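Have a look below at one chain only, the form predicted alone, in structure tokens format.
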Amino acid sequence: MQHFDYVILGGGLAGAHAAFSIRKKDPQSSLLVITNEPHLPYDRVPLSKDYLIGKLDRQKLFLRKEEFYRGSKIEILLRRVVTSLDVSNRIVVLDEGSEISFRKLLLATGGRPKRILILGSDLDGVYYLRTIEDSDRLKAASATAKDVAIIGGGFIGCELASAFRKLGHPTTIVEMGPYLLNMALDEETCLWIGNYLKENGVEVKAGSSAQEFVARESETGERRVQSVRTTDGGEIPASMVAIGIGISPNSELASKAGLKVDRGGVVVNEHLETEVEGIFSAGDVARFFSPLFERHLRVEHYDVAVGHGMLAGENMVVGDQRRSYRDIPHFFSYILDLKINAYGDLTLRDRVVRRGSLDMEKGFFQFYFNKGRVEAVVAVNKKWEEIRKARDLVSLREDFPDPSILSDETRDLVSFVGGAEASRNK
């Protein structure tokens, strides 16, 4: 049985950055990364953006070259699945039966796309996006596609629609909610974004779901999608369908091992450690305690995965000198010419205050409040200097008895640091 000081399950952003962090802090330890993918760690973000439309070379997706891992003595097992985890004896079992023991372990197993199980879901021309191969298949299919249907009107769905419009394809988004991006933004802003997409050639069918993918059978027996039948009785032409309805965290391994899992996420403390000493979790699969927000969160975004990985790797090495994860969650999304940046936790809100009008050129902010406290901000087409000021209000968790004060554009955002009481004297 092989033994390693550190074993990382998952070769995504969190797992890779944990490996970099471990090696920086502990150059001599034995370190193994296990991934079920055939590739070295890479960045998934461009898969729905520049890589999909051919503006980014494949090699630029990868975080490091093979020589780096070899020179840093970071061993990587590709195309391997861990089938069981024994936390008491510190052993993982691989799909081919071999066992590996470890001193400390990081679960950075990420997630997998949620699937649609309806008639025709197995047809050629129906795609999901998570891996390089998925993006390659979408890219190849788009070369001959006529009409494209996107199932899911969240950020990934809107980004995919943006990409396919840039490639010149008639595109329709099917969203079961009342409007696009309804989980993240308020109704008025979502409708404004939906109208913007419509003005740029993207059809939006909200309040409806895919009921069936209708097949076209060729003379050779190939069964390929030709349209999407929706629950409201409509039918959308589609020679290609891309499904983006979220991910399911890969937490089954942790759950079977007896680790605490809540709402799909592996529960960890502010140091990203589970209840079992020496076993950590990071990235999409981790439900982590945030001292900043004073509650557990699970966030599926680039910055959190990178930050988690770096901190988890450091904490696995330093022992009693561990640091807490205090970063403010951040994500960005580019939808045609809309540049959206969000900071904080968008899930808990009882009021939204807009600063600025719904304007493409000038841009605007949306501040999210819960019981008078700033929980998050969404910036649309704003410059970095202003975004930084808005972000600081979230990171300071400012309280406002009257949140509407933030809509006053005659006041610089810096004047609100210290909350409403302090701002009266500025």
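Owing to the predicted nature of the structure, the values given are computational and were not obtained by experimental measurement. From 1 onward, residues are counted along the sequence shown.
Not pictured, yet referred to below: the form predicted together with a small molecule.
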{"item": "Position in contact with the small molecule when the complex is considered in the predicted complex, options M176, I118, A215, V81, heavy atoms within 4.5 Å", "value": "V81"}
{"item": "Residue (of D399, D26, D50, E37) lying close to the small molecule in the predicted complex, criterion heavy atoms within 4.5 Å", "value": "E37"}
{"item": "One stretch from 231-239, 155-163, 318-326, 344-352 that, in the predicted complex, holds residues within 4.5 Å of the small molecule by heavy atom", "value": "155-163"}
{"item": "Candidate site G194, F364 and I405: all three near the small molecule in the predicted complex by heavy atom within 4.5 Å", "value": "no"}
{"item": "Non-hydrogen atom contact V268 with the small molecule in the predicted complex at 4.5 angstroms", "value": "no"}
{"item": "Contact of I22 with the small molecule in the predicted complex (heavy atom, 4.5 Å)", "value": "no"}
{"item": "Partner contact for H301 in the predicted complex: the small molecule, 4.5 angstroms, heavy atom", "value": "yes"}
{"item": "Non-hydrogen atom contact S333 with the small molecule in the predicted complex at 4.5 angstroms", "value": "yes"}
